[in-house]
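As structure tokens, one chain now follows by itself in the form predicted on its own.
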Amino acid sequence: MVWSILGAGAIGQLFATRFIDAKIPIRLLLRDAILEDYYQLHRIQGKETRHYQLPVDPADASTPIKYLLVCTKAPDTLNALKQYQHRILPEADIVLLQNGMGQHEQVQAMLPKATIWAGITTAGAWRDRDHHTDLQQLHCVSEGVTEIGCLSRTSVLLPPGLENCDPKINLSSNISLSLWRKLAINCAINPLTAIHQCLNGELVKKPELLANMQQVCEEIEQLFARLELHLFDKSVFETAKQIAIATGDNRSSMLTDRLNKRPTEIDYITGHICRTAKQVGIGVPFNQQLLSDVKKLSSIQCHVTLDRHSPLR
């Protein structure tokens, strides 16, 4: 049993090290080819630093893939999988550990015989490089809680090997509900922090941003009422406020993407809310406006980046 890991960002690297700690054999599927057989990094957690060598699949590898953990950004999922589709076995177990919703159905359509698992995690990590060794450094700021649930069928067991992970991976009997919960909070926090370039906690401290968050949440509440979904003991707004306060010094992933001039996951977060609302005949104008604003900002940044790298005339 070997787990292939697609998406070598902070979360992909974090779970690669956790799998290695659990004695689960892994192969890292990298977008860019490297000469070495291993991708080396230091994992820094608290006062402890550990060195890891993550085995890498060579560019010409043809080994079949039976177990696959996908940690790419949601918009990149299909294109990333297409590169390895010829190697993925028809009955493969595929775990999508990502933000957003909508990509799970797309993957199932692409690989109809595969067992598709959805995963969410509150683990936090970020990366930089050691100036002395030039090695990648993975900083673990939160162990978090990780849930995985099967979307293709009913399962009482985690995919093979994952039961050995520490921190424990929890098997969810209703992962769809967990996905909706995370999506609601992401919708309340991420777009506003990306547009206003602020930390999570500022959404609560500034009255105008708090009012914006309330508008987002009230529209989501109306949608969930139509869908007959009850997500939290409190309202979405009260829950989002609590999480924004608890993660006050955090920079959302969408803000990070904007600051790094990368495409955001807005189409799979707020975009999924807007598409679902349209399907059931509910208006969500403020969420629609945030979707448009973030996409517009991303488009402008893309043009600026291209201009900066265009040849001089």
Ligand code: KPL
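The structure displayed is predicted, hence computed values, not measured ones. Counting begins at 1, following the sequence as shown.
There is also a form predicted together with ketopantoate; it is not shown, and the following applies to it.
Proximity of 5, 77 and 98 to ketopantoate in the predicted bound form is absent: no residue of the three has a non-hydrogen atom within 4.5 angstroms. Remark: residue 103 does not count among the residues lining ketopantoate in the predicted bound form, judged by a heavy atom distance of 4.5 Å or less. Mapping the unseen interface onto this chain, residue 243 counts among the residues with a heavy atom inside 4.5 Å of ketopantoate in the predicted bound form. In the predicted bound form, ketopantoate sits within 4.5 Å of a heavy atom of residue 247. The closest heavy atom approach of residue 200 to ketopantoate in the predicted bound form falls within 4.5 Å.
With the partner omitted from this view, the residue of 162, 94, 189, 220 that lies near ketopantoate in the predicted bound form is 189 [heavy atom within 4.5 Å].
The stretch among 248-256, 45-53, 271-279, 24-32 whose residues place heavy atoms within 4.5 Å of ketopantoate in the predicted bound form is 248-256.
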